[in-house]
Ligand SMILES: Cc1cc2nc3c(=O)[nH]c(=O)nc-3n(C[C@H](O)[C@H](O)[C@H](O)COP(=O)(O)OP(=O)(O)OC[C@H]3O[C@@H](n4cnc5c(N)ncnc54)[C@H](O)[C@@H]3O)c2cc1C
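Next comes just one chain, in structure tokens: the form predicted on its own.
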């Protein structure tokens, strides 16, 4: 207990799931919990909209300083790197200071390991961070200049093994296609896509694969599945099946790994904390929750991170209030993929399979909730989400809560009923 006699909850990480959990805990418990958020970053970055940076968006427009909304909700903010958890003493070590907890939420996210594919870090442009997205901007403009001058260009997009969220890369290739067409340069650019997966956006099932296949066919994008990249050399990618694909520009989303390893907690070979899927509790340590990209759920995606943060907060709130926790994690993903001339919406109920080649799949019993649709109107839906989330976090409010979310949810349901099937 804290000095005030109330339980201490510590949140590690200031991303989607960490902020969602912290703000929801404060909303549910008020002053009945002592809240601390520890992050090595002073800002939250709205990553879904970093896809616009290569095409001119100012990265600063996506940043929300953490100090003000956390202060507004009386959440102590510690800017430090949390590097160790002692689950026996119930203490977090962060930059040589110790922070005791009664409940701990680990939301430290993921990082990229381009070095796992020889040559990827040297020859590829990547899309994980705003800085990387910014480096793509001159590459795209050089591509456009060469194409306008009539020089044939080959742009290769690669999804390597152990990438956990390829959706933004799909957005990028279709946005690039639309952008080149707008500038009258598409005819001099070959766009090629390769993925190690058995289908396009494999985790999100056959309907999204069919939709992407149709988009690739219409846009004349050459797409390949079951292409496992093994190494990159200057000007070419080399695959396990013996194929070699030449390129002038290579864009990739590297393999994922946990951003921070916590040796005292159970984790898989990539550092993701092992959890009970329904509760997000770390195995063997019921007072610790791993949410978002820090946990072992196979798909790393913002909407799923929100849902996990909600579950952790709701369960802790129930325990503090002396109630038996009933909320469980229901992994129904929702996303809108930008294409510039239109957008694709997907609502996908998922389940974990335990199969390395297909870690998640669409739940057969929930096919009625599996919806996919492409329309120009979905661009407005994506824009609304892009305004709603920063507005909520700037005010220190959770994403999935209150009248504003119910209105947003109703709008999305209406749109999905009319524009998706």
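Positions refer to the first chain, counted from 1. It should be emphasised that the depicted structure is a prediction, and the values quoted were computed from it without experimental measurement.
Note that the form predicted in complex with this ligand isn't included here; everything after this is about it.
Chemist: Would residue 253 sit within 4.5 Å of this ligand in the model of the complex, counting heavy atoms only?
Modeler: Residue 253 belongs to the contact set for this ligand.
Chemist: Find out whether any non-hydrogen atom of residue 291 is located within 4.5 angstroms of this ligand in the model of the complex, and reply yes or no.
Modeler: Judged by the heavy-atom cut-off of 4.5 Å, residue 291 is in contact with this ligand in the model of the complex.
Chemist: Would you check, heavy atoms only and a 4.5 Å threshold, whether residue 374 touches this ligand in the model of the complex?
Modeler: Residue 374: no, not in contact with this ligand in the model of the complex.
Chemist: So in the model of the complex, does residue 81 come within 4.5 Å of this ligand, heavy atom to heavy atom?
Modeler: Flag for residue 81 set to yes.
Chemist: Only one of 210 to 218, 268 to 276, 160 to 168, 233 to 241 has heavy atoms within 4.5 Å of this ligand in the model of the complex; I'd like to know which.
Modeler: In short, 160 to 168.
Chemist: Considering 123, 303, 340, 99, which brings a non-hydrogen atom within 4.5 Å of this ligand in the model of the complex?
Modeler: None of the other options qualify; the answer is 303.
Chemist: Spell it out for me: taking this ligand in the model of the complex, does every residue among 27, 331 and 401 have a heavy atom no farther than 4.5 Å from it?
Modeler: No, none of the three is in contact.
Chemist: So which residues in 243 to 265, when you check this ligand in the model of the complex, have a heavy atom no farther than 4.5 Å from it?
Modeler: Contacts from 243 to 265: 253, 259, 260, 262.
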